[in-house]
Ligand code: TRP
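Here we start with a single chain on its own, the form predicted alone, put down as structure tokens.
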């Protein structure tokens, strides 16, 4: 029987993802040797961030204490979950290394592509995303959190942003859009041009004063958007831009092993879940790498590489490498049962969420420090 090929697109991630094949297919490079400050970070040490384009520019900026920007965006259409926290941790890491953060709320994209109400999108962006960003440690210092529908209160800044998105259309082709989006619509084309403006506009004179290295961390499913933006930026003649740098992180698997999705509540752990909800979701939905019976598991052992509970410990909840290795080895040997592994994870998630939810309440007092600063 022919093995089913995995699929990675901006709208669908399915099958067992082969990251080595993705690196070759998308023309990415494995992460280079990194300074010690990166190796202290779990995401780099465990190769959760595994590939890049032009990351050397960012390393140079960090090493020489030069200005650089980290740009990211959010689609405000559902609950904030652990998959979003994976990116948030990177935002906070780079902010501490001196990056200026640009965080775009893609409300116009959601309005055009997903037929959502702008006011509802705004509420979701603040209640679900911004509050959790702050609770996880995002600082208002050196951070621009903005909505595509209302870039800035300053006319010069706002005008330059929308002008860039409009001018980019001159340097894009219909065939490029069609190759990425298939059935293309004016709304999707407009969203793509706005995304490109989001990625490049920090380099305009009205924002950072001119060309500056920009890092865009993404999952590989979002790389087509980045490739379009890079191609447009390369052709653009009206401003001199530094080409975008990008890094790529592994997908945090959904509880059922597919991609974690806000539209499927049983695929994720939300930051607002109660202890009982966490326990129920992990016990009922978290895919197991264990055997069918206890006897068989003791004899053959489990597979930590496919076990969702182990992956969550590896990517988030067990920072101690020695402890993680023991859990890995015990599970693989059959000494540790699936139920016991899930119990370890449930305890760690609930300990984390208990503190996070307290910080989330306190974060409500800081919202105004982030809104309409620019």
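Positions refer to the first chain, counted from 1. Since the structure is predicted, the reported quantities are computational estimates derived from the model, not experimental observations.
Missing here is the form predicted in complex with this ligand; even so, the following discussion is about that form.
Asks: Though this ligand is not shown, can you say which of 75, 278, 250, 229 has a heavy atom within 4.5 Å of it in the predicted complex?
Replies: Among 75, 278, 250, 229, a heavy atom within 4.5 Å of this ligand in the predicted complex occurs only for 75.
Asks: Looking at 193, 135, 143, 71, which has any heavy atom no more than 4.5 Å from this ligand in the predicted complex?
Replies: In short, 71.
Asks: Mind telling me which stretch in 102-110, 203-211, 280-288, 118-126 gets its heavy atoms within 4.5 Å of this ligand in the predicted complex?
Replies: One stretch meets the cut-off, namely 102-110.
Asks: Is residue 82 close to this ligand in the predicted complex, meaning a heavy atom pair under 4.5 Å apart or at it?
Replies: So residue 82 does not count as contacting this ligand.
Asks: Check whether residue 269 has any heavy atom within 4.5 Å of a heavy atom of this ligand in the predicted complex, and answer yes or no.
Replies: No, residue 269 stays farther than 4.5 Å from this ligand in the predicted complex.
Asks: Just checking whether residue 245 would be counted as a contact of this ligand in the predicted complex - the rule being heavy atoms within 4.5 angstroms.
Replies: Residue 245 lies outside the contact set for this ligand.
Asks: Any chance residue 198 has a heavy atom within 4.5 Å of this ligand in the predicted complex?
Replies: Yes, residue 198 is a contact residue.
Asks: Given a 4.5 Å distance limit between heavy atoms, list every residue of 123-148 close to this ligand in the predicted complex, or none if there are none.
Replies: Just 148.
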